[in-house]
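Next up is one chain by itself, shown in structure tokens, the form predicted on its own.
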């Protein structure tokens, strides 16, 4: 199979590098051409357009920043759907609305090829360590083709969520909400400990060694304690985007999420104050 990859940001680049270790003829495209250079130096073929890449590939992986971006690269005369080989597979790793995945699935059906939702959980360092968690939904037969490629891409686990195109995106939005909620809880707990006169670092060491001994609390707790928000592995701007998607899905389903609404408001305030390029863990700066 000829494999293609679109979207060479902070997370896309190490995932593409993982694929390149197993698929030496990997084809890549990125809107900002300079970001393709590390892959090109390692042997990847750089395409000049989405159309060029899609028309040559059996499987195309994409990881772009938002719903508008995935719609733009998929639709139209020069998009993935129209130019992908018949029975080709588009694997979208982006965090987007379930409704967007459902619409993209229908577009691909029109051109007799396949769309699979496969959002990914993990920061760039997890991609480099091949410890990514992929959430996937779609046709079982297509998923069976894709799973070995996800292992090549750096999966430690692949979690299946049924046939509905948007199911995996629901799982990813719920996952990102839980991370945001953990950031909120850590930030408030650290602030309370500090202002109450105890050593907040000692407290976090205790809590992450016992009740909350997991990667999210250990790794993000360190960032919050050290205020290590630059450079960003995942930007606050993207955190705000995800908070907005979570609210849209909550509104659509009639789900009450008062904490989610608060987090979205805090991200918006920090964005407006000029923190958009900081890591999304800079949510802690909202705790005054």
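Remember, predicted model here, so these are calculated numbers, not experimental data. Residue numbers count along the first chain shown, from 1.
From this point on, the text means the form predicted in complex with a further copy of the same chain, which you will not see here.
Interface membership of residue 249, defined by any non-hydrogen atom within 4.5 Å of a further copy of the same chain in the predicted complex, is confirmed. Using a 4.5 Å cutoff between non-hydrogen atoms, residue 113 does not count as a contact of a further copy of the same chain in the predicted complex.
Among heavy atoms of residue 188, some come within 4.5 Å of a further copy of the same chain in the predicted complex. Though the partner is left out of this view, residue 148 does not reach within 4.5 Å of a further copy of the same chain in the predicted complex, counting heavy atoms only. Of the residues 160, 78, 139, 72, just one reaches a further copy of the same chain in the predicted complex with a heavy atom at 4.5 Å or closer; this is 160.
Three-residue candidate spot 193, 203 and 259; every residue lies within 4.5 angstroms of a further copy of the same chain in the predicted complex by at least one non-hydrogen atom. Note that among 86 to 94, 178 to 186, 139 to 147, 103 to 111, the stretch whose heavy atoms approach a further copy of the same chain to within 4.5 Å in the predicted complex is 178 to 186.
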